[in-house]
Structure formats: structure tokens, C-alpha cells
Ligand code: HEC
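Here we start with a single chain on its own, the form predicted alone, put down as C-alpha cells.
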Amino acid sequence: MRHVLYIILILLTVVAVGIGIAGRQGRLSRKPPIEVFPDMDRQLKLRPAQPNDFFPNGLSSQLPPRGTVARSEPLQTVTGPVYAFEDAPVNTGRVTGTTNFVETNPLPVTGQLLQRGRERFNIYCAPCHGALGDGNGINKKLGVMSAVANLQDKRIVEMADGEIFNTITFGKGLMGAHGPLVPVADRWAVVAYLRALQLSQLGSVDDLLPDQQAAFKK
């Protein structure tokens, strides 16, 4: 029994000492707080506009290298260059000043763009939607996701390019937003490659130009 009393007295003493050192919450004090890890409060760092011996001129704030200007590179669209800050279809997927989606891809559809779109599609889209975009990706086969959109469906085939871009950017349903992961140009590249995938599965000889049809029939 004595041992129990001793233990209780020791615990009460520890609690009393702790309260005496730390004080009760809610009280104001001019004394500095206890610093258990002082390096978290006082870190070695450069403070702006303050003297510092790290640089030869003794200043912490340095000017940019001579001849350099911080600015973004514009995207080359079918209507001309567009910067990232502009309210333009290439950045929003919508007709400027409206809520309507643009019908066609604003980037020139080239072999290089399609190749880039294929690479990005296989990284970000194929695990769920499948290499053909038919909704039979590895995640569905493994049972990770049971409901995956078939990108070959008529509903998606008939979507405006801007709406697909918007879905990639902000996500929809179980699909997360890829805007923070995939740059604007790469999102349009994925849209262009998806159209090529759809055409490869749903297209016919009648979709070819007359000279191409003749070459195909040979």
C-alpha cells in the first residue's frame, strides 16, 4: 500500500512542478516561452534586405543576373502566341467571354504533338482508361476501380475538345484533377491523341480524303 502512495505522491509532485514551470493556459506573460527545440525558432537563413556575409557584396537580397527577364513563354496556337495569364481558349478550354467550350483543339495538331499526347496519355490516362481508351485499364482489371469511362463512347466522341480539356483539368466523378500535374500544352496534346485513338477505333474508309481512299483500296 505504501508503494502505491509513494507513486501517487511522485506523480502529483511531477504534475505540480510541470504546472509551475509551464504555467496555466490562458495567462499572459512577458516571459519568453520554453524552447524545447530552439533550432525550430531560430533557423539559419537569409533575411531580405539585411547584411549578410554569404555574398561578396555583403547583401542578402541580390539582383537578377544582367540581361535576364523573368517571364513565361507563350504557347503557339493556331491563332498566334498566347501567354499563360491570358483569358484565352488555350488556357481555359472555353470561348473567351462565355461558358461555351471550344469545339476544336487550339494547338496545331502535328506529329510531334500527337507523340507527346501519346506519352502523357500512357502515363496519366491509360492506367484507368486503357491503352485504347476503352475503359479497360490495369486498375479496372485489378479491381482497384470498377467504374471507368469508356472514351470510345459516342457521348465522349461528340464532346467538344474544350470540354475534354476541362475534364482533364478539374476532374469529374472519381477522376481527380490533373491540372496541377499536367501543363496546359500537354493537356491539349492528350486531347489530340485521344481523338486519334477514337478515329482509329471508330473511323472508316469514308473518312479519308479521295486520294487516300484510292491508295488504301490498292
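For every residue, the number given is its place in the sequence shown, counted from 1. What you are looking at is a predicted structure, and each value in this text was computed from that prediction instead of being measured.
One more form of this protein exists, namely the form predicted together with the named molecule; it is left out here, but the text below deals with it.
Among the candidate residues A49, L174, I34, L63, which is the single one with a non-hydrogen atom no more than 4.5 Å from the named molecule in the predicted complex?
By the 4.5 Å criterion, the partner-contacting residue is L174.
Contact assignment for the named molecule in the predicted complex, among V148, A88, L113, L75, heavy atom within 4.5 Å
Partner contact (heavy atom, 4.5 Å) among the options: V148.
Taking the named molecule as it sits in the predicted complex, is I156 in contact with it (heavy atom to heavy atom, 4.5 Å or less)?
Close contact exists here: in the predicted complex, I156 approaches the named molecule to within 4.5 Å, heavy atoms only.
Wondering, does V82 line up within 4.5 Å of the named molecule in the predicted complex on heavy atoms?
V82 lies outside the contact set for the named molecule.
Partner contact for Q152 in the predicted complex: the named molecule, 4.5 angstroms, heavy atom
Q152 lies outside the contact set for the named molecule.
Taking heavy atoms and a 4.5 Å cut-off, does I164 contact the named molecule in the predicted complex?
Contact check for I164: yes, within 4.5 Å of the named molecule in the predicted complex.
Within 4.5 Å of the named molecule in the predicted complex, counting any non-hydrogen atom, which residues from 103-129 show up?
The stretch 103-129, when checked against the named molecule in the predicted complex, contributes Y124, C125, C128, H129 at the 4.5 Å heavy-atom cut-off.
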